[in-house]
Each structure stands twice: as C-alpha cells, then as structure tokens.
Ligand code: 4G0
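The chain below stands alone and is given as structure tokens, in the form predicted on its own.
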C-alpha cells in the first residue's frame, strides 16, 4: 500500500513514519509513503498558501488552489479516484473497524489541514472521507494522519513480524487485550501467573480470554456490551451448531457485524456478505429488506432461498454441505513439508483453482494459504476464505492418494484449533471426494444444506 500525505510540514511526516516498525516496513517495500508539500504548488510569488476567511473571523484559511493542484499531481496517473481523507474534528470517529476497511485499499491520500482549515470548495471536490481521531482540536492534521497510518499499516501483511498479532490484540472481537509478561519470572515480589509457565496452550488461551473479558468489563463497558450481545447470539445459534457454525464462527472470530438481532431473527454482515437466519417466512421477508441489492447471502433455510429467488430476483445459487470439526485435540499430519504461502504463488494457485485474482491476493496477503512441497516444488495447497471457512484444497494428480490432501486439511485444522477457533468447511453439492475426506478426518456434516446466493 502507498500512503500520500498532503501537508505544509512534510518533515513531520517523514520523521514520524521513517522509524521503528513502519520505517522497516517501508525499507522492505511492504508499504510506501510520500509527503507532498502543499506549498510547492502555490501560485503566489511569495509562497503563501493561506488568506483571510470571507465573512471575517479569527485565523487564516488554506486556499483551494494549491491544495487542488497538489492533489492533481498525486492522482494524475491513477485509474480511479482514491480514498481521500481529510482530518477534522467534524468527521467520523476513527476506530479499528475503519482501520481494517482502509487497509484493503491500494492507495490512500490524506489531507492535513492547518490554521483554521481549508477552503470548503476544494474539500467538496477531492475528499471522500472526513475523519476525526477524537473530540479535541489540534494545531494541524499531521499527528492524526500518523496515528491513522500506524493503525492501518500494521494490518497489512508483512508489516508486523507476527502474522497473527494484528488479529489478537486490543479490540479483537470487542475485547481489550489480556495482560502480558516477560522475564524475569518474579519482579519486585510479583510473579508471572503460573498458567503462563505451564506450557498448556488450552489453559493459557482460556486464561487470556478470561482476563480480556474482565478488563473489558472494567474499563470499556461499551465494548463489553457488544461482546455480550454476540455471545448471546452464539448461544442461541449453538442449539443447531452444525447448521449454524458459519454464523457462530463469524461472530467468534470477531469478523461479523450484527445488523439485526431478535430471537432467532438474525442478520450478520461481513463485507458484502450477509448471513441470515429467520424465524419464519414473514420475518424472513422483513429481514431480507435489510440486505442491500447486489449483496451475497448465505442461509441454511430453504424458505429464505425460495424468497430470494421468487421475490428478490436472485439467480445465482450454490448448494453446499456444511462440515464442522468439534474435536479439540490436534489431528495427525503425516506429510510434513507444509509451508505458508506468499504472493509469489499467486499464478500457480490461479492456474489450479477457479477464483478471482483479487480474492486470492487477499488470501495470500493475509497469510492464510498453505502449500505442500516436494523439495522446492509446490504440489498442492489449501486456504481459508475471508469469512472463516476452509477451502481451496488442491493436490497435483501425480501426488494424489498419498494422504497429502488429508495432511493439508489436518494442518489447517490444527492451526485453527490452536487459535481457539472451530474449523469448518463448505462442500459443493456433488463433490464426493471432499465429502469422503471430511468423514475420514472426523468432521460432522449438517443435515441441512447451505446456500450461497447472489
């Protein structure tokens, strides 16, 4: 990703972003940034960029012309208008959800105000997002921009050393992060909690969850209320776990947003995907009114599927069986040479698996694709879809019937179990080989089919 910052003080941006983790990420080429001096684009012979506001008032205002010309210079080669963010106390409050949303962009443009702000006319022309980092006033937009870039950049694969740390820290699943400790085991009479020295990953994960819950309840009751709501929904859905695992895991993994929640009338949103469970046909019709035209829907209820076809004009349907792994102990992985894949394997995956290039790039960059290797040659792969299900399993023909597919899926199942997730997958109707593999690995198949509908 590339960050473009329009500012009167480029040295602030360069000094702030050129050190520590972000500086190293820029050196590696994982991210890049440029600080564009608005003053370089003024037509004023004295280099002025500001003037008095019409109607009077205190302070000076940055003129439209240098801001617009700087923006034009940045975006001249862009194929489409980029997300352009103006930092202002009047904007939408920046949070982790927005950081994750913006981390998916290829280019971001930031506009730093100063003095009393910027001429409204140029803001109306170039800005797509008005954002605030809090209810207070600063002397300029440079510090807020650096806060935003830091929060966004750390979600980009390759910026942090630990690929999972960005997903398990503060605000994951609406919980604050648990306490952490390092050596020595005892400091000023205080010892590291015994459970962290036990080596028992299950007990450690349980302790960390308990601590996160208690911290959130004490310090952020607003976040805890959201967490409680999701846990209550999971409890209701768990009465038919195999049927509803896709919705339960979306919430459990902190991915889903609750659109509607009343009894068993539930609508969850993840990007442009809506998961829906309705009490009956009448409520289903009302719930579907909350789903935007063009969005994809997942449901396990046939009457919902029928409504989408007959009353909402949906024509694309994919019928699947849903399989879930309920065990907590690790599976045996017989084939040992399995490695995490990066973007360099994109061409190979697209050659052997039908999907959009954009989706596969997203999976590879997220670090959720794994390959089996024969020495240095990749011979198969598996991955996780963005909503949490396992899939995309492929093994080259000459290597089939050797247990490599089972090892790839077992490897991925073990990773998810170690992170406290419940592994599950969707098997397209008619794929008997995949169904046999799920049964071999001990996954349980729901009695009710699941539909992806678009």
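The shown structure was predicted, so the numbers you read here are calculated from the model rather than taken from an experiment. Numbering follows the first chain given and starts at 1.
The next section is about a form of this same protein that is not shown, the form predicted in complex with the ligand.
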The chain here is shown without the ligand. Which stretch in 79-87, 375-383, 323-331, 233-241 comes within 4.5 angstroms of it in the predicted complex, by heavy atom distance? 79-87
Listed residue that, although the ligand is not shown, lies within 4.5 Å of it in the predicted complex (heavy atoms), from 263, 134, 193, 316: 134
Contact residue in the predicted complex, from 350, 218, 281, 138 (heavy atom within 4.5 Å of the ligand): 138
Within 4.5 Å, heavy atoms only: does residue 114 come near the ligand in the predicted complex? yes
Would you check, heavy atoms only and a 4.5 Å threshold, whether residue 256 touches the ligand in the predicted complex? no
Give a yes or no for residue 144: in the predicted complex, does one of its heavy atoms lie within 4.5 Å of a heavy atom belonging to the ligand? yes
